[in-house]
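Here you get one chain, nothing else, as structure tokens; it is the form predicted alone.
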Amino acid sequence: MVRKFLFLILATMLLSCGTKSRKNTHPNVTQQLFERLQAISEAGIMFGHQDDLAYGIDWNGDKGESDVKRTAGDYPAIFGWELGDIGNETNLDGVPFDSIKVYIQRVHAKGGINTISWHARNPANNLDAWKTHDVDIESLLPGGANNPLFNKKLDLVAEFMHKLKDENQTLIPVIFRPWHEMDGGWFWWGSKTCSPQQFIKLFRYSVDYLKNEKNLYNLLIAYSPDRNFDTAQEYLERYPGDEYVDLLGVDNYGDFTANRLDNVVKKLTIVVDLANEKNKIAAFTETGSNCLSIENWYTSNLLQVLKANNKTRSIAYVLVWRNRDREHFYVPYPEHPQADDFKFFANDNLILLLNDIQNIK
């Protein structure tokens, strides 16, 4: 009887270990970021901007500069960075990797949050992310002829991530968003050249290698398809599994261009429902209106979809793309005709900038 009782206790302990909630599986720094994202999402939606500190309209590399701050009076809460061309001195947008490291450290010290994308070159042929010919996904995976080349690329990513340390030499937690927009056909890991099964293997291998082989414990992993889904089942077609993902996102430019705000709301709602079901963070991981070609886009489009319902209001953040120059920008500069519209958006109670989140733990 005693033996049976001890067996039942042991079985219960093993079962409880196998059914821990997702948040308890995070190492310390990622656990803190995960819980902070949850807390902030209860207060509002963080606004993010790609390469915000690196360059903008008519400036490049000026310390402390930011087009968001110039126009709205404060920095964004989310800062996006890019690892494309990792291994070179500068990334594919011309930003030195040494500078990106410093920017990430500054953002973290100020209480901001960093997210990193990777428009990776194909390791097999070194062609850029948008070249979709001569693609053999299986060759990159274990047992494939190009697996050693792929590992070298992952080694470079790991080397960079290991340099992201705060003043106490603790790794800075970041949201890492690899292999994004996989449901589109414009990247070599996309739907035209990579089956759902191959993509899942590619995603899982990348995460396993970085976390297990390279001992990176500061990554929250984001899964972010483009807008090519209408159901939860379609959204999850290339999903690598709950154990590989911390944040569910969506990238969506096209539905704004098509004036289908209803579709933007529908897809954000699907993402939020799935995130709630799986205990993940939900986010609008990439969007915008290039050169603000849509009149008053921030209030007439973006704010409308974010405020559409309680679910869209609950996402953690929205990130718009970069301000390269006057021919390619997503945040208005101070003298732009839509600067006041952006200020109105940024001042809305739902929208959080850097000062708004600094005291949210």
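One rule holds for the numbers: they count along the sequence shown, beginning at 1. Since we're looking at a predicted model, the values are computed, not measured.
Not pictured, yet referred to below: the form predicted in complex with beta-D-mannopyranose (BMA).
4.5 Å heavy atom contact, residue 34 and beta-D-mannopyranose (BMA) in the predicted bound form: Judged by the heavy-atom cut-off of 4.5 Å, residue 34 is well away from beta-D-mannopyranose (BMA) in the predicted bound form.
Residue 297 within 4.5 Å of beta-D-mannopyranose (BMA) in the predicted bound form, heavy atoms: Contact with beta-D-mannopyranose (BMA), no.
In the predicted bound form, residue 119 touching beta-D-mannopyranose (BMA) (heavy atom, 4.5 Å): Close contact exists here: in the predicted bound form, residue 119 approaches beta-D-mannopyranose (BMA) to within 4.5 Å, heavy atoms only.
beta-D-mannopyranose (BMA) contact in the predicted bound form: residue 93, any heavy atom under 4.5 Å: Contact check for residue 93: yes, within 4.5 Å of beta-D-mannopyranose (BMA) in the predicted bound form.
In the predicted bound form, segment of 162-170, 206-214, 85-93, 131-139 with a heavy atom within 4.5 Å of beta-D-mannopyranose (BMA): Stretch 85-93 is the one.
Interface residues of 285-323 toward beta-D-mannopyranose (BMA), as seen in the predicted bound form [heavy atoms, 4.5 Å]: Contacts from 285-323: 321, 322.
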